[in-house]
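Coming up is one lone chain in structure tokens, specifically the form predicted on its own.
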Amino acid sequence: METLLEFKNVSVAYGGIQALHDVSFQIPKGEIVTILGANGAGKSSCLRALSGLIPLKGGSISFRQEVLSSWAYKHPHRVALKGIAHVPEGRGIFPELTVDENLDLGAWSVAGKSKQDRERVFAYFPRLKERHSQLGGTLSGGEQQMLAVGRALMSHPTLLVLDEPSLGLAPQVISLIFRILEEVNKSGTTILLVEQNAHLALQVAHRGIVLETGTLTLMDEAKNLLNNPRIREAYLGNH
């Protein structure tokens, strides 16, 4: 199976605090992979390092066999141009721009296709079409998350990266977003997902990565992690 993304001995530090310790893993093309772990385990640090938002202390990150980490921190926009779209925790939409304008910003690297791609996003999220001229800041939390995901899809990413997409959302909105993520994956997009709802994440993922205090402790197929007694006790509660 073709490897799309590889972390090799990646270390990240914030000041004197080490967030990731020699983390290594590979993500095959076409899969949904979820990163599990408690708060402070280093999950978001993986995504931020990949997107060039924080520098590496050591190791390397490669995408399509090209080492990104040698330049990504100084040129994060080039990471997006390589086909990586990041939906951050907190959504990061532009509240004073309309839904249409937010979506069009997601298509900045795709010349001449924004209208067609916008219709594709509206097919996934009809609620956004109903509110296409509304300011982003007037949307509900669920609608803002739909907008954040839709904006990322506007760039036709090879790899879609999401940080806590279910955070603070109603169950029916969470179900919708995860159903759309499965559809997006079936259309050929690889997905890397950080998600506190471990049971939900493992239900849609092909495999999972477990981080504990910045160290990778386990990587396995999602179905195996769902049945792993230690994982069930630590992350799955009564499921």
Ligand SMILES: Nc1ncnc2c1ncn2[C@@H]1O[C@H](COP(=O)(O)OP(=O)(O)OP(=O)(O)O)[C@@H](O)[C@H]1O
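Numbering starts at 1 and runs along the sequence shown. On a predicted model such as this, the values are computed, not experimentally measured, just so you know.
Here the subject shifts to the form predicted in complex with this ligand, a form of this protein not shown in this document.
Novice: Although this ligand is absent from this view, report whether Thr189 comes within 4.5 Å of it in the predicted complex, heavy atoms only.
Specialist: The answer is no: Thr189 has no heavy atom within 4.5 Å of this ligand.
Novice: Would you check, heavy atoms only and a 4.5 Å threshold, whether Asn185 touches this ligand in the predicted complex?
Specialist: Asn185: no contact with this ligand in the predicted complex.
Novice: Wondering, does Ala19 line up within 4.5 Å of this ligand in the predicted complex on heavy atoms?
Specialist: Ala19: yes, in contact with this ligand in the predicted complex.
Novice: So in the predicted complex, does any heavy atom of Glu143 sit within 4.5 Å of this ligand?
Specialist: Contact with this ligand, no.
Novice: Given that this ligand is left out here, which of Gln203, Ser60, Gln196, Gln26 has a heavy atom within 4.5 Å of it in the predicted complex?
Specialist: The residue in contact is Gln196.
Novice: Would you point out which of 39 to 47, 26 to 34, 63 to 71, 172 to 180 contains residues with a non-hydrogen atom within 4.5 Å of this ligand in the predicted complex?
Specialist: Heavy atoms within 4.5 Å of this ligand in the predicted complex occur in 39 to 47.
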